[in-house]
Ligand SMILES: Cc1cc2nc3c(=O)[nH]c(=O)nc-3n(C[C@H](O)[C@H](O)[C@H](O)COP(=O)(O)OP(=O)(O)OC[C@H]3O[C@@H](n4cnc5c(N)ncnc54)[C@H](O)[C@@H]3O)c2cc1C
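Coming up is one lone chain in structure tokens, specifically the form predicted alone.
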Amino acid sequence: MRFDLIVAGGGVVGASLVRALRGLSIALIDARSSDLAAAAPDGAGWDARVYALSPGNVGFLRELKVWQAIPPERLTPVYGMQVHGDRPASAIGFDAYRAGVPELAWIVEDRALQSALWQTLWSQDGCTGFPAARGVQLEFDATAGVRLELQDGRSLESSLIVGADGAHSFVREAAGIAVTARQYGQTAVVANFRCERAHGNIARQWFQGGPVLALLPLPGERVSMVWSLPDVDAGRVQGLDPMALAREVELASAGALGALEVLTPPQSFALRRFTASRLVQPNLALVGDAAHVVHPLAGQGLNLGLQDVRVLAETLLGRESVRGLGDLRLLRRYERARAEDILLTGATMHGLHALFGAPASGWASLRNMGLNFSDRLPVLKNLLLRHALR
């Protein structure tokens, strides 16, 4: 079977790319089952994994007619952010009104976003889905371009394959692209809570001398927790009974939202940073977690991936008629356009983790003074916001 391109990975990043490339014949390969579009969240259940999407990426999803397919009652605008250091009175705040924007971010559940994407894809002309499918062999050929053999024996050909298949990317590994990786020795624990006090559509974060706790607003009197902890502590926290977990989060958040009640069992995932040595080669491009993974302390992982998609789609759709989709010179335009942002975001997240994880008192004074100093400089705050709002 011949296609214009193959997208490996039907998560948010891969599915968004397929949606952005309407008009091309695309094979979408995903190891999960075919019922993703029907997996919309019900009225009672809440997904423990949520994303804080930038206004720029929300605008992109609107253009794709995806954002409109998410039930409005599952979306939460963020009007303010409060970031607290590990010493009293050390903090920096951001406010949408003062920044002159409607909101700083939107919180959306993973399951709601995935469902909306797949609903739009099923009716997209030129998109052929291959659910519950895995690639077992990837070959590059001067004539065919790319040949991908699936586990069930089917063979697909195209001019370009895009690896959107996550941190353990089959496409990246099959192409022999190396990664530079670093383990943080931390695990993120996620869960949802009902809160006694109104969250006011404010995202809150506490640096704790290594651990980082974030409480993100959800619809109604609910918040989503992301707590990055040393591996041993994460195992202990995840094993707490619901009441004990709620009490520990109340204490860690200084009672900012009053009494908490666990709504979803805690889940966890290990944290690490890595970057692929290159994003492209002839007939191949990497996007999202297949290309880079950053620490989640600022919620930039999916935002980076969607920015990859925006640039790659613009590059492919704007190509000269004499260039094929797999032309290396074309794909390098995408790589060059993304290099600075990926490097800057990864280095910033890593630097913040290192700075706020340093136990020495001198570093503690410096980082907390830095938060207060930044909070008093509107120019610096606006620079930080402009980067986050893209």
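Numbering starts at 1 and runs along the sequence shown. These figures come from a predicted structure and were not determined experimentally.
Beyond the structure shown, there is the form predicted together with this ligand, which is absent from this document and is the topic of what follows.
J.: Does R134 reach this ligand in the predicted bound form if we count a contact as any heavy atom within 4.5 Å?
T.: Taking the distances in the predicted bound form, the answer for R134 is yes, it comes within 4.5 Å of this ligand.
J.: Just checking whether S115 would be counted as a contact of this ligand in the predicted bound form - the rule being heavy atoms within 4.5 angstroms.
T.: S115 lies outside the contact set for this ligand.
J.: Could you confirm whether R32 comes within 4.5 Å of this ligand in the predicted bound form, counting heavy atoms only?
T.: The answer is yes: R32 has a heavy atom within 4.5 Å of this ligand.
J.: Check F170 for me: does it contact this ligand in the predicted bound form (non-hydrogen atoms, 4.5 angstroms)?
T.: Within the cut-off, so yes.
J.: Of the options F269, W122, F140, F274, which one has a non-hydrogen atom that comes within 4.5 Å of this ligand in the predicted bound form?
T.: By the 4.5 Å heavy-atom cutoff, the listed residue in contact is F269.
J.: Name the single residue among Q205, T315, Q281, N303 that comes within 4.5 Å of this ligand in the predicted bound form, judging by heavy atoms.
T.: That would be N303.
J.: Just to confirm the contact call: exactly one of 239-247, 160-168, 252-260, 95-103 touches this ligand in the predicted bound form at a 4.5 Å heavy atom cutoff, so which is it?
T.: Stretch with heavy atoms near the partner: 160-168.
J.: For the stretch 12-26, I need every residue with any heavy atom inside 4.5 Å of this ligand in the predicted bound form, listed N to C.
T.: Result: V12, V13, G14.
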